[in-house]
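Taking the form predicted alone, here's one chain by itself in structure tokens.
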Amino acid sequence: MPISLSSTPMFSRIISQSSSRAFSTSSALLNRCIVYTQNGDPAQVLSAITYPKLPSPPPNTVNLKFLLSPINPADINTIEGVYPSRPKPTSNIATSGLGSQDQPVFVGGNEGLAQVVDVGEGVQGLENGDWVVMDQPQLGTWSTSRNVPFHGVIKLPASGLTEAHGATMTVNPTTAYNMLDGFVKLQEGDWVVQNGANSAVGQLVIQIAKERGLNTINFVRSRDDMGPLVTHLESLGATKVLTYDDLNDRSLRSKIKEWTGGQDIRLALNCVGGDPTTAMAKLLGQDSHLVSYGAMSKKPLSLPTSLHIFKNLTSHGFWQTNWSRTHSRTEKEELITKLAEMMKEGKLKAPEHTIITIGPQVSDEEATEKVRSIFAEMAEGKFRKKVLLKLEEPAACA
């Protein structure tokens, strides 16, 4: 990994000098991105840098203007250095200083919505004005503009989507859809059980299941005022909403048997781990499947051997990035199109979100401070909604 410069006086001088030059040599709009030079706490290692306007795109590439980009939990893990998918160092956005050959950086952001603003020779199926989402991981979406290979993006339908829909298209909705579709051949009327039901993926599971005519039993953490959360999840299509405390109720199995009419539950989705998942797995029937896509409790998964021996339970892990690596571009385009249609028809809601904008008159130093404060507040749990980042091109002074 490159040596960290983010906390040194030299780093501050480079940023200041770079910003000063950028804001005094041209009246054109510039570009900005959020970067880091080594892994660590995002509230300490992230910085904003300004770089020149993109040149015309080389053959088989497109220039993109990013409209909105989420900050996902996986992004934080990536910056910390504990996530399997990692970005490649970038060294071509500056001729000197950060982002140059001498001082490469990692540009943050894995998911985002962008608009095509220029196409290179040989590009097929894309033209200026098209909305696109990322088809490759870690392309650096926390940017105002980037140049990427045209096969690294997927075109969205021409109209009917909000920016929030587009920006959050490729991680959570695809995860929810593929877990419901890829492990058990579910029929209308079947039942699915999940924990973390109020997470972004959990809420999408509820909505997609409703659209398919599936019933869901949804577990969440207990809280003082459960009413609003239960009402919200039921409005999305949840059949039943329970708490992890309910898993300790000995009468729960008989209640579930009554709800399901004695039908076996053959699919469970887990993003928590630990004891709640062990108890949830015991609700499954014969030849069932437990799919784990997260471990929010940071506790290991422990399953009774009897479930494997007597009920033929199969336990899987799911990672959307791996699904994308092992499926064709046509399959990915079909999935994105299907999800986009559901969003346009109002069957999938955009996640509750907060948009944080870094405007054109903000200096790199001010932008750095703002970005770091966002991550500090996220670590303290101050954001209850998904955070979407909107970077606007910094305006250069004449």
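One-based numbering along the sequence shown. These figures come from a predicted structure and were not determined experimentally.
Below, we turn to the form predicted in complex with a small molecule, even though it does not appear here.
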item	value
Touches the small molecule in the model of the complex: G294 (any heavy atom, 4.5 Å)	yes
4.5 angstroms heavy atom contact with the small molecule in the model of the complex for Q320	yes
V272 within 4.5 Å of the small molecule in the model of the complex, heavy atoms	yes
Distance check, G152 to the small molecule in the model of the complex, heavy atom within 4.5 Å	no
Candidate site K185, A281 and H316: all three near the small molecule in the model of the complex by heavy atom within 4.5 Å	no
Contact segment among 208-216, 256-264, 164-172, 124-132, judged by heavy atoms lying within 4.5 Å of the small molecule in the model of the complex	164-172
Proximity to the small molecule in the model of the complex, single hit among K88, R325, R223, H308 (heavy atom within 4.5 Å)	R223
Single option in L139, V201, V193, L113 placed near the small molecule in the model of the complex, where near means a heavy atom within 4.5 Å	V201
